[in-house]
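Shown next as structure tokens: one chain only, the form predicted alone.
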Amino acid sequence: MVLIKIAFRNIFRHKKRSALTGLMMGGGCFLFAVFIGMVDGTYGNLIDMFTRDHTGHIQIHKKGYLDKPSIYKTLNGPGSIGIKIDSLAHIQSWAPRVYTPALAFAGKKTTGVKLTGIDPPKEERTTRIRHKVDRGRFISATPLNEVVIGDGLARVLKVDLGGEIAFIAQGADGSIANGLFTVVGITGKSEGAIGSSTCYTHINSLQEFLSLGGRVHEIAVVLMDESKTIRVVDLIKKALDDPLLEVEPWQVVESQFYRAMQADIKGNWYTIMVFTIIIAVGVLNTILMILLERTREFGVLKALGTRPFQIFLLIVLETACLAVLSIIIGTAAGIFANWMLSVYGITYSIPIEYGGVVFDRLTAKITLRSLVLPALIIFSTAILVSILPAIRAARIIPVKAMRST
């Protein structure tokens, strides 16, 4: 206890030097907290966009559908599958879907599109597709030949609300499927380049259009907590117990984005390492200067009977006390900065498209990782760099030390 008091008082013996060293450690803690908060916030928003806008946290398909999508790889009895899913923990909702590529005709214009059949009530509980409608309305709960298209597709086909689009595709029975659908809604420009070619219609209308009966291609599942995705995947597999079905998390469904995210996170660790080395060198330099200036003092302490371990511990405690004070200030500043960024964010002058999702704001997030990790890095770095100078001070020979100038 006495050594701690002495160590704390020694911090204020050289106020300017202590302030400079504390500023380096506190600034490093602040930068780490903001950096980690921005990484967690940015990727948290991206994951939320992928999962809540369309993908879901978990998807169920016929075996091999993800590798090679086909109109014939369908799920039978989606209702019975849904009942089993609802009985599991952590499930928020689920929604069945039907997909097919098609040719869209409007007047003299034609283009390729992706027709997506959804169950409006279930989809509304599961994803935010309904909220993407910028003009008009969403698909009716009653199965009608209605379609919601992207703003880009509306401009390509030169159709507006109330206009009609003819779709031609291959039916599941081998026939040529064709039908006329009325445009009831147009999604905004924020949906991005990939979403602009997607057309949403009622799942029953598309099942009839493709002669699928009651079969679907996909069941998307949304959880209450994204962090439990892998655990729930195992629960669903056990509940369904069907080797012909594939239950995959969003990390597999959006594998390209997930690999890019992991590579970027790995690169972030290299950035943290560089910052840590810079801070370590600064702290080490300060401690060595203190050691040189206090050589006579340590010599007198040893001559008076102070044990080497006590001198070693004194220097380490001085560094630890300064580090703790710096971390408290740096963490408080980091929390405030992350809160400001989480509320207001940084708006991009030009929106960025990442994996088919467009986002226009950089945000941060206050997480346990952004609070604990910077503090641990700064504190452990400060203690580690103080050990070698402390050992050197503990080994000082009193006679030589008191003769030094």
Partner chain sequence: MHEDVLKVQDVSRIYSTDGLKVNALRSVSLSIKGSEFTAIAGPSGSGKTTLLNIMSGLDTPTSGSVMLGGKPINTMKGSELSDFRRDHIGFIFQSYNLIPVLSVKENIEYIMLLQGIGEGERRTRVASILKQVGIEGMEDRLPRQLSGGQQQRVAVARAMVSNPDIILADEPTANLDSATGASLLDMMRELNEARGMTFVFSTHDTMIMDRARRLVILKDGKVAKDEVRK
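Numbering follows the first chain given and starts at 1. All figures in this text were calculated on a predicted structure; none of them were measured in a lab.
Only in words, not in the display: the form predicted in complex with its partner chain, which the text now covers.
- Within 4.5 Å of its partner chain in the predicted complex, a heavy atom is found for none of 23, 372 and 376.
- Residue in contact with its partner chain in the predicted complex (any heavy atom within 4.5 Å), chosen from 308, 185, 143, 152: 308.
- A single residue from the set 261, 91, 301, 333 has any heavy atom within 4.5 angstroms of its partner chain in the predicted complex; that residue is 301.
- Although the partner is absent here, residue 128 is not a contact residue: none of its heavy atoms lies within 4.5 angstroms of its partner chain in the predicted complex.
- Using a 4.5 angstroms threshold between heavy atoms, residue 297 counts as touching its partner chain in the predicted complex.
- Using a 4.5 angstroms limit between non-hydrogen atoms, residue 17 is distant from its partner chain in the predicted complex.
- In the predicted complex, its partner chain lies within 4.5 Å of some heavy atom of residue 9.
- With its partner chain left out of view, the stretch that reaches within 4.5 Å of it through heavy atoms in the predicted complex is, among 81-89, 155-163, 208-216, 308-316, 308-316.
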